[in-house]
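Just one chain follows, in the form predicted alone, and it is written as structure tokens.
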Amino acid sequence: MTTAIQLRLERPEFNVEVALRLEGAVALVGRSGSGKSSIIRALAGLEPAARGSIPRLEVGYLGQRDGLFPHMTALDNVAFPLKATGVRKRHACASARESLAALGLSAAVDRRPGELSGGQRRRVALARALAPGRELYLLDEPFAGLDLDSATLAEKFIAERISGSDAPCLIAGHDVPRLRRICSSILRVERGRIAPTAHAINGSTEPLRVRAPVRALQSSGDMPWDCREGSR
């Protein structure tokens, strides 16, 4: 099923106004401050002032800040969205281990965010955002702060996760070569709007298709479970 989105968000610098029909993997590129992150945040339900026709989707979201739960290990952070939606602990933790291994983080599964480098935290956050079973993936600057090797692992992980899912994915970023390899189309955002066709990098500027409630998972900070041996 295809769902159309009409989004309007007032900003001091300009108003963000876009029509989206998201299908598959689509990238948004543009200068810093052009409105890319505002679009991503609005679709993730993090912009209360956003207006328009925005569906409620089960979202996997990566913001510019990693947003990891500091009291949880890397493994527990990645398993969290799966457990929160009813996946049994054993399967959630197995999936989380697999994702962390794919991102070169096997040795970091039992470490908490405060024990990880910035690049490691970014990859943990990416693994959590791309948890299986979401209806929409939203990634804001997924390669920011990553060295070349880590960015290559992240690129491969994103591409494989997207190709194995029917959920659409919207990625905001600046690394056009990587985005070309991942996305079927790349559109430029200028002052809160999708640029005319002449300025698009790839694909068309017709409204993007969004398939599939926008809802961000939140933690109270008091989880009744974790992935350590003996936990419930």
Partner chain sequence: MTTLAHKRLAGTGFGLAVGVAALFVLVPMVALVTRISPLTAVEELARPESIDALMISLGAVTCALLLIVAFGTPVAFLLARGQPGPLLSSLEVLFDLPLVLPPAVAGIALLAAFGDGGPVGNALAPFGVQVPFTRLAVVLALTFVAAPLYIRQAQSAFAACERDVLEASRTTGAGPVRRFLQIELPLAKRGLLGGLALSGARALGEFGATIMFAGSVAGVTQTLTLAIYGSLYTSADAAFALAILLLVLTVAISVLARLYGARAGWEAR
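None of the values given here were measured: they were computed from a predicted structure. Positions refer to the first chain, counted from 1.
Keep in mind that the form predicted in complex with its partner chain is missing from the display, and what follows is about it.
Within 4.5 Å of its partner chain in the predicted complex, do we find a heavy atom from each of 122, 132 and 169?
No, because 122, 132 and 169 lack any heavy atom that approaches its partner chain to within 4.5 Å in the predicted complex.
Looking at 60-68, 29-37, 186-194, 160-168, which one sits within 4.5 Å of its partner chain in the predicted complex if you count heavy atoms only?
It is the stretch 60-68.
Would residue 85 count as a contact of its partner chain in the predicted complex, using a 4.5 angstroms cut-off between non-hydrogen atoms?
Yes, contact at 4.5 Å.
If we define contact as a non-hydrogen atom of the residue within 4.5 angstroms of the partner, is residue 72 a contact of its partner chain in the predicted complex?
Contact check for residue 72: yes, within 4.5 Å of its partner chain in the predicted complex.
Is it the case that residue 42, even though its partner is missing from this view, gets within 4.5 Å of its partner chain in the predicted complex, heavy atoms only?
No, residue 42 stays farther than 4.5 Å from its partner chain in the predicted complex.
Report yes if any heavy atom of residue 97 sits within 4.5 Å of a heavy atom of its partner chain in the predicted complex; otherwise report no.
Output for residue 97 is no: heavy atoms all beyond 4.5 Å of its partner chain.
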